[in-house]
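We begin with a single chain expressed as structure tokens, specifically the form predicted on its own.
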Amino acid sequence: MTSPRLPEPDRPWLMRTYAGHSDAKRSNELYRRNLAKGQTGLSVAFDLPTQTGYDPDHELARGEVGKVGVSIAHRGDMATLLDGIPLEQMNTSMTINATAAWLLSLYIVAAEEQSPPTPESALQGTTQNDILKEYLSRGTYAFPPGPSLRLVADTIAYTVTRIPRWNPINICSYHLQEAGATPVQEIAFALANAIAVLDAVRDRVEPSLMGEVFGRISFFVNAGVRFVEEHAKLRAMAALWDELGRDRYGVADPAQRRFRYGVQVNSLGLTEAQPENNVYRICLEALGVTLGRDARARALQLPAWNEALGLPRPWDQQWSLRLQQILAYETDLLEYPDIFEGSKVMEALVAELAAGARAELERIAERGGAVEAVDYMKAALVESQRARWRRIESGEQTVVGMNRFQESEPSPLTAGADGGILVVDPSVERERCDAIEAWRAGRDQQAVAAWRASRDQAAVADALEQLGRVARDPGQSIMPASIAAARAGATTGEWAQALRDSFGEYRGPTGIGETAAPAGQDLAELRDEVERVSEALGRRLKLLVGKPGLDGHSNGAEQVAVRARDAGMDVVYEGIRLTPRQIATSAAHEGVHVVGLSILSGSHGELIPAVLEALREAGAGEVPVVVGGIIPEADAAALRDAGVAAVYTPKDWDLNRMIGDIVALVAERNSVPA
């Protein structure tokens, strides 16, 4: 019998590691090392100020510069980041959304200034450029939804006509699953997002180009550890995407309707407890998007084993890359046709997921589409996350090493002085603030020597004025004005401020709603204790949940706020992106009994002391503060020494116990007898 192998093995997927930290020079060195190890594409991580449109010296950038990615403030930074990397050959993915039009402009200008220059028509890569999911999950939005969608559409229209090998958007369901989405919600919310984007682009291109537009839309999806279900999810997405292109947009060419996607596998399920187990989780998740040929990813980046602890080091990223290379080059999974073809189990699961997604899409359509349904989708994700967490707490859902099989030997992987993670040098922020000041003043001599010309102040002023005029005219594309501003030497913060002046500011929905959880025995006991302490206090126990800085990963804060409210507390939660002064003012004005702060970006060492100082200045210095986030034990000890009452990390997964601790803390500080 002849083996049903492919005539030629399927080609390997594009292999990336999501990387970038500190400044452009350090990140460029990291990229060169990764490429030398066999990585076949770049995946650029930007820091939070760059993602949200602030320069390194802005008040909101404090503590965030270079922490979760590289700081890019102007064309000189972008040129340094890409120095020595031939852009006519490189496939570069940029995880950037609110400021995607700006970072693409900087990339175009950097390519022009390389020697030899690379014209924009030769560039290849991807801008994530998916703003709607930012209101639902990651929180790195900068402008209101309507104008933001216009920026997305402008970028797509520009690249379709000018940069033929560029993928102008990744419809990004990855972060929806990180925020708690079920497979049905991940499919439906991503496709509703795509419909909103395509409808916006349809108004900005010739009708004859819609097939080309549809064919240039790619997706960035998540793959969890339930890899059979995850594979079925991707087959269902492919079928629904094909159906959408044919029926709604009249795309006749099957090649243009093909579902093209890249993946980073699930980080939500990675644990701080027994982090060595994460290696197995990552490998199994990778199988879900590589096993079946007809639904195989064409780009894959894997998190590192220690992402639940902090930033991975170069060695950790190498380990993840080697996992990909072993799958692609040592196993036989690329040698066969689709191994799920004809599977009754897979066909039934795909049909079930597709039917659920269609029903969810109808609910979103009834609310006016994805833009109008942002509040609905956000609340649905918070509720799904709450349900997931309750399953973990009850033991219905097993997480090995966390809620079951907790006995463990000390891990040699975390035994070093660095605790097993990369720690960004605190001096980076000061260096970046000095550098941006020098750039604005035209004093950056290194940039002058390396990148042809210094910042032209008059040209910058003219370019920003023109950018503002274009922004106020919805009939014009933002891209030419953005590229002109990049060439002149405008900064990320100046570009974004010009648009904020035109579009206005925006605060996204929190999604915590007013619904109450069903009262299990554990929650009933907690409610009784909240009632007892509240009666002794003479008013309802009140908690402020705050997120200082630019960290938009609000899942933990939302779940704490929801559980505290379910337990009977009054909860003040104003969402993300607050300054220490704003949090302190709110705490004093609301008369809260305790402040809970959440930071996952590694900026706790700078921002928590700033909040404590602001509370003292606001006359609320006696209010106890508890902190949650990805915080190494050495940092936790320093925070406690600074006056923080308690520190919680991902290993503290029992929310009821955490809320009980907070109630006991308030009782102790207010001399309420036990």
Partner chain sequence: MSQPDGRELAARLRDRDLAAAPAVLNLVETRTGAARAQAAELLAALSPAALGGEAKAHIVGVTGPPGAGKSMLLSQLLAAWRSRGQSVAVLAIDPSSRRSGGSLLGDRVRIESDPADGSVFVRSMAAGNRLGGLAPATRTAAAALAVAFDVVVIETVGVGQSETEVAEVADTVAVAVQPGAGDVLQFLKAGIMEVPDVLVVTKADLGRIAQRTHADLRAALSALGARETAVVAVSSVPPPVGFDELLAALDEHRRRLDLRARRLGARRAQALSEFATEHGERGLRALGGPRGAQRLLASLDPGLDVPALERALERRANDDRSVPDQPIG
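We call the rigid core the largest set of C-alpha positions that still match within 1.5 Å between the two forms. Numbering follows the first chain given and starts at 1. Treat the numbers as computed from the prediction; the structure is a model and nothing was measured.
As for the form predicted together with its partner chain, it is not shown, yet the points below apply to it.
Visitor: With the partner left out of view, is H74 within 4.5 angstroms of its partner chain in the predicted complex by any non-hydrogen atom?
Guide: Contact check for H74: no, nothing within 4.5 Å of its partner chain in the predicted complex.
Visitor: Against its partner chain in the predicted complex, would E590 count as a contact residue? Criterion: heavy atoms within 4.5 Å.
Guide: Yes - in the predicted complex, heavy atoms of E590 and its partner chain come within 4.5 Å of each other.
Visitor: Does P117 make contact with its partner chain in the predicted complex, using a 4.5 Å heavy atom cut-off?
Guide: Residue-level check for P117: no, no contact with its partner chain.
Visitor: Under a 4.5 Å heavy atom criterion, is G568 part of the interface with its partner chain in the predicted complex?
Guide: Yes, G568 sits close enough to its partner chain in the predicted complex that at least one of its heavy atoms falls within 4.5 Å.
Visitor: Considering its partner chain in the predicted complex, find the one stretch among 579-587, 402-410, 166-174, 331-339 with heavy atoms no farther than 4.5 Å from it.
Guide: Residues of 579-587 come within 4.5 Å of the partner.
Visitor: Identify which of G475, G84, P254, G538 has a heavy atom within 4.5 Å of its partner chain in the predicted complex; exactly one of them does.
Guide: The residue from G475, G84, P254, G538 that makes the contact is G538.
Visitor: Just to confirm, with a 4.5 Å cut-off on non-hydrogen atoms, which of V572, A488, L321, A157 contacts its partner chain in the predicted complex?
Guide: Contact residue from the list: V572.
Visitor: Taking the rigid core as the reference frame, tell me whether A471 has a CA displacement of 2 angstroms or more between this form and the one not shown.
Guide: A471: C-alpha displaced by 2 Å or more between this form and the one not shown.
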